[in-house]
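Take a look at this one chain, the form predicted on its own, written out in C-alpha cells.
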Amino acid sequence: MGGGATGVELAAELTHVANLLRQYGMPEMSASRLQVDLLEAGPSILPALPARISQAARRELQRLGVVVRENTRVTRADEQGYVDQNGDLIAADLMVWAAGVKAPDFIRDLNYFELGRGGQIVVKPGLQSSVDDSIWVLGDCAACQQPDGSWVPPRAQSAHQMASHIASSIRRQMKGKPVKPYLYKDHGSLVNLSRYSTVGSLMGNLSGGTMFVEGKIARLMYMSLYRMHQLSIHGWLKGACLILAQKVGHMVQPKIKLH
C-alpha cells in the first residue's frame, strides 16, 4: 500500500479491526498476530503534508506495531507479496494498493492535452488547459504549478478551491474581465488513525505558520469537520437527522461489518 493519507489511515484501521475480532468469535485474534507493512516509495509517509504531521503519524503507527517502510518502491507484486527496487521480497498474505493519484486513462487516449505526471492535464495559472483556453481543469485531473515551483497537491480542499476559482473566472470572462491566476491555500490537514489518535495542522493560512494538534483535540476537530461536511451537503434539517440516526445506529450495530 502507499504512504499517503489513505494508506496511513487504513493501516491504523486494520490494527483496530484485528483487536475487535476477539468480540466476534475469534478469541485468539488480536493486533499482535497481525503485521501491517506500510510501503512508501518516497523518503517520508504523508508527503503532501507538513513534516511534523508525517513524523507524528509515523511514531503513532510504529507504536501500534505497523512496520513503516519508507524509500521502498514496489517494482512488482505476485502471489508471495511485493518485490522492491532492490529485488527483496516483502511477503504478504493480503496486499492492498492505495498508492498514487492518476487521471482517468481516457484523458491520455484523447491524445489532445499536454499531460504531466500521472496523466494529469497541464494547466495555465488560471486553471485553463495549456492547449485550449475554453477547457477548464480541476481536482485530481489538474497538474497546476504554483509560482514557487510547487505543484498543487491532489486533495479535497484543492478541488474545492479550484471549483470556486473556475466559477468566479467564468463569471469574469462573461463580463469581459481577465482570468486571475489560481493560488492554492492550505487550510490545514488532519489524519485520523482509527480510534487511537488523530494528528494534523490547522490555520496555516491565518497565523503565518502552522498550529500542530494531536490526540483528543485533533480527534474532536476531525469529527467536527466531518459533521460540517454532512450539514453542508444535506442541509441543516436532513443533516441533523442523519447525524442523529448515525448516533443511534452506532449504539446497536456491530463495530465491524460481519458479512
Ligand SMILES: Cc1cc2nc3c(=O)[nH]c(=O)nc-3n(C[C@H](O)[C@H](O)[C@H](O)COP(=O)(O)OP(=O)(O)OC[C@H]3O[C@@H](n4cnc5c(N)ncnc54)[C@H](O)[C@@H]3O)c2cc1C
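Residues carry their position along the shown sequence, with the first being 1. Being a predicted model, the structure only gives us computed values, none of them experimental.
Below: the form predicted together with this ligand, not depicted.
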Margin query: Please pick out the stretch from 89-97, 150-158, 76-84, 113-121 that is in contact with this ligand in the predicted bound form, where contact means heavy atoms within 4.5 Å.
Written below: 150-158
Check: Contact between G139 and this ligand in the predicted bound form at 4.5 Å, heavy atoms?
Finding: yes
Next item on the list: For the stretch 99-122, return the residues whose heavy atoms include at least one within 4.5 Å of this ligand in the predicted bound form, in the order they occur.
Entry: P104, F106
